[in-house]
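First, one chain by itself: the form predicted on its own, in structure tokens.
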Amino acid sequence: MNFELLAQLTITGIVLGSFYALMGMSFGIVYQTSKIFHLANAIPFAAAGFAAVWSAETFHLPMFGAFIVGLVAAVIVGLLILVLGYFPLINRNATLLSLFLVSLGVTVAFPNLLQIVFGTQNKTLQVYGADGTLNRAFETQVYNVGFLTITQLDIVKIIVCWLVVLCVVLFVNKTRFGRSITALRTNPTMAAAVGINSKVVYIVVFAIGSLIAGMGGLFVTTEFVAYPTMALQWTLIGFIAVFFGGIGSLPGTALGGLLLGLLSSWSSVWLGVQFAPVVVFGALFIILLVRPQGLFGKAAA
């Protein structure tokens, strides 16, 4: 076996797995708290990318200003889905299937709306330079360490993703409001009995999930381009990381995402890169057969 290739694939897998962990946290904190299969988490992801591109071109914002606009847009869109789409059904005691169908419907409709507003062309995040011309917002540098190669954006991605994971885990496990989230997740009836307002918890959780999804959308837009259907693949990856790592365990979700990234990267030694989705879904299928609760989840009592 070519160990230099394996080492490079490990670096690639860590970068990819860190992003998988980020998307897993975005999907997981919403799903584990509300039990809503929030496929519409793809909408804040795409909204952040397009909002950043639009604001940079329209208001001549610098890159970080465009990022802030993108994140704000992601949170607003995520909360609108909750307030206008989910809350009316929850108030009527609708089933989780009904909530999923609403999520599916808006997920399908939103890319079409983006095409109507922004057109069908891919959008590159560009900012105005000192000479008044538009240039790509982030020109990443490539670093070579021996036979290993990594880009500046990859390093930023790893650091940001795991900082976000750490902050979310500490927030849920160490703060008073985080304990309310845990209580609602583990026993909604008892949580209501002790005065925990589920709607307030849902609002905070959806805001956090949408903010993290927006970060993912900005990473993809910065590295590649923004396009209407950019989010669905990554939302599904987040869902897989949740079930692969273990339902009910946010650290398990993050570690599951990291392992999926490594498996996906290592598999290219024997399979083509185009088979990475097959490897990811195959790994989920095998884990659920052996451990239905996921790698780091606890079996139901």
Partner chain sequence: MDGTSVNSSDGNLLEVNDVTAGYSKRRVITGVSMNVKPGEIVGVLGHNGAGKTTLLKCIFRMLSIESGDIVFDGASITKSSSVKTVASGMSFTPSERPIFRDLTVEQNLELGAHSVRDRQAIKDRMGEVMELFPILGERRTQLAGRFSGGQQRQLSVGMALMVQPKLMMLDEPSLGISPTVVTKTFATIRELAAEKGMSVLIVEQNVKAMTTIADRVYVLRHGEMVLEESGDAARERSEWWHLF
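Numbering follows the first chain given and starts at 1. From a predicted model like this one, the values you see are computed outputs, not experimental measurements.
If you look for the form predicted together with the partner chain, you will not find it shown, but the lines that follow are about it.
S.K.: Since the partner isn't included here, can you check whether the partner chain sits close to all of Ala183, Ala192 and Ile196 in the predicted complex (heavy atom within 4.5 Å for each)?
M.R.: Yes, because Ala183, Ala192 and Ile196 each have a heavy atom that approaches the partner chain to within 4.5 Å in the predicted complex.
S.K.: Spot the stretch among 141-149, 209-217, 173-181, 101-109 with residues whose non-hydrogen atoms come within 4.5 Å of the partner chain in the predicted complex.
M.R.: One stretch meets the cut-off, namely 173-181.
S.K.: Quick one: is Thr95 in contact with the partner chain in the predicted complex, heavy atoms, 4.5 Å cut-off?
M.R.: Looking in the predicted complex, residue contacts with the partner chain do not include Thr95, since no heavy atom lies within 4.5 Å.
S.K.: How about Gln115: is it within 4.5 Å of the partner chain in the predicted complex, going by heavy atoms?
M.R.: Flag for Gln115 set to no.
S.K.: Residue-level contact is defined here as any heavy atom of the residue lying within 4.5 Å of the partner chain in the predicted complex; does Asn187 satisfy this criterion?
M.R.: Heavy-atom contact with the partner chain at 4.5 Å: present for Asn187.
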